[in-house]
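In the block that follows, a single chain appears as structure tokens, in the form predicted on its own.
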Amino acid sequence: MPELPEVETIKRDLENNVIRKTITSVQVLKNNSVKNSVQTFKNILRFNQIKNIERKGKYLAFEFKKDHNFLIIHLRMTGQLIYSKKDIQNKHTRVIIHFKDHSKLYFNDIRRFGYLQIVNKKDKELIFDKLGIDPTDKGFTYEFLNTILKSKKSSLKSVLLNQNIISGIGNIYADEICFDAKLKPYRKTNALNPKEVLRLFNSIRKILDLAIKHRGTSFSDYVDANGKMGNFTKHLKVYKKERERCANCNNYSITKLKIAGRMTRFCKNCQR
């Protein structure tokens, strides 16, 4: 957390607020949140402009106008990127980017696993190339997914979580996708029949699109770039619902198991 829908929501918010704005100064409050030397980090950003913002999986890349540098941002578990014209610094603020119009971009991180890193174009492409296909890309087709699944003998949940295979899906959306596709998350992917793969493909697109539409899922730490919580929490069917009735069969049939090292929820009646 944040996963693809949350990072995409932040990207779209920031595209409306920081593109072509000039950076006047940078405060690095916690040096270990920046993977470059602090002075190099500040020197590259100062008086530069954000030209474009890319996303792949859970990664963001800010392209700058000068020197073709990129700022890679990974929010990890508790990272936040909040744009504001007010002073909203708190005890979890790690980096503040100041713009010429006196607005600011805050990087907050409670658990300090997230990071910012300036890289050149070649290194940005190396980072992105190591990631699996983004499920919002045009190249993510039924045929592509079917080929991947048939080549693996792993559980469905583990394949969905593997960022080297499909990038951007985490624990929340893996559970919701499996429920929507009516597939148990411990099923072996190479045993899925064509109809099941098609349901899975449609569910991946459907759940991610719906989560983006509702601006992501918030439980505790995730907020969008305006500091507001996401609304997809209201649409969850199985994630953290093990004490509730299934929204589909109306039974107390939502089960919690550890699959692929993660706590996993599914309906033992509705998913096969």
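So that there is no doubt, residue numbering starts at 1 and follows the sequence shown. Computed from a predicted structure; not experimentally measured.
One more form of this protein, predicted together with the DNA, exists but is not displayed; see below.
Residues with any non-hydrogen atom within 4.5 angstroms of the DNA in the predicted bound form fall in just one of 151-159, 193-201, 136-144, 96-104: 151-159. Of the candidates R112, K182, K85, K121, R112 is the one whose heavy atoms come within 4.5 Å of the DNA in the predicted bound form; the others do not.
In the predicted bound form, the DNA lies within 4.5 Å of some heavy atom of N171. In the predicted bound form, no heavy atom of R12 sits within 4.5 Å of the DNA. In the predicted bound form, no heavy atom of Q89 sits within 4.5 Å of the DNA. Residue contact with the DNA in the predicted bound form: K58 places a heavy atom within 4.5 Å of it. For the stretch 201-224, the set of residues having any non-hydrogen atom within 4.5 angstroms of the DNA in the predicted bound form is empty.
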